[in-house]
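Starting off, we have a lone chain in the form predicted alone, written out as structure tokens.
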């Protein structure tokens, strides 16, 4: 069988995550890769990847011109007339759906890799008629949380999951959540961990616990990240006389965090920063003492993998797939979620820990990442998944 594939990556926009950018960069070395998106603003294109716009949400002129260009490519007066009618009636979503279907028909991909369950409605026609192989990634709150707090979402996914050709799960824990929605002996569901370009992520042999301790968290301000518990942990540390400063990258505009920081008297000890480019985050990691992952729910947090690769020690809650990454007191430290006092105690113990032990744990963390989270293993896993799905006959 030909091992050179045409692969559509459907993320809904061109604002793809670092994970997806790493994936497509490596896939493009051996395959034809297309990213389809409704958002045409691209900060930095990935080399050798084809970006196909489906109608800009930011620019009315480009929206119309994209729709007409795709419609004209069908060389059908009836189709063009339908497009003009939809544009005249301002039925934006129907135009975008049509654009998506035309683009797919022109590319004729071997598979469509859908990055989020929320994008499945765009693929219903393909799923219903088995016209294309659909692979769905399972990660984050769209698999871990939303289906289990929103009955309508659960029933929707339960209806459509059996028609999906294959699943990519970022951790065993996420895979198990997906199985609650739908499971079958014929289900293709491969756990493929996030891969990093480890040759570019140099492990720092020089590490010193700063005084005060430089504590760091990175991620959007959302209740699942558990930052309110982290701030309560900081209050325990303050009352215990521990010298520290805590920085949350991504928490700057969250009013609840701002209020809680003030209420707990932590304004001098906690900095809430805007999100920043990954390169800047990595530099900040190199000058920090400890990464905190206080999350309530996770798939497998990329930030913890990145920190361990660079040599930054990690204390995390026992959420989601974290225990697949961190072995307590071996590659990092695990504490219960919802437990500010226990996390504070872990930080105090870390603060008293000999540098030699910390160094050994840092080395073990790097080795764990090298073994399970190289971009080479990620690409191999994805290619095997694509191949398995493509070779499987439609039901």
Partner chain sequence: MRIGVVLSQTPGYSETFFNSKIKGLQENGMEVRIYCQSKKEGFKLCPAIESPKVSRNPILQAWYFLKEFSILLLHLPVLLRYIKLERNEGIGMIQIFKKTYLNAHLLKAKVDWLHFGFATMALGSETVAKAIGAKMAVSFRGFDINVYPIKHPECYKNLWKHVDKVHSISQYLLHKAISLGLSVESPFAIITPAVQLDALPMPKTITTSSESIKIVTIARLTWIKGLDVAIAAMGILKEKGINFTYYIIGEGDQNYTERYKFMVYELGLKEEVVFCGKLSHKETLEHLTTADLYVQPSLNEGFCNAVLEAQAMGKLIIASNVGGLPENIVDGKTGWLFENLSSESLTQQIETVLALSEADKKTISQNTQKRIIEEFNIEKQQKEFIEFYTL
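Everything numeric in this text was worked out from a predicted model, so none of it was measured. Positions refer to the first chain, counted from 1.
From this point on, the text means the form predicted together with the partner chain, which you will not see here.
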201, 192, 103, 145 - the one with a heavy atom within 4.5 Å of the partner chain in the model of the complex
145
Residue within 4.5 Å of the partner chain in the model of the complex by heavy atom, from 181, 249, 297, 127, is 297
Go through 223-231, 209-217, 301-309, 240-248 and give me the stretch that gets within 4.5 Å of the partner chain in the model of the complex, heavy atoms only.
223-231
Wondering, does residue 72 line up within 4.5 Å of the partner chain in the model of the complex on heavy atoms?
no
Do residue 187 and the partner chain share at least one heavy atom pair within 4.5 Å in the model of the complex?
no
Quick check on residue 177: any heavy atom within 4.5 Å of the partner chain in the model of the complex?
yes
Going by a heavy atom distance of 4.5 Å, is residue 97 a contact of the partner chain in the model of the complex?
no
Are there residues in 239-253 with a heavy atom within 4.5 Å of the partner chain in the model of the complex, and which are they, in order?
253
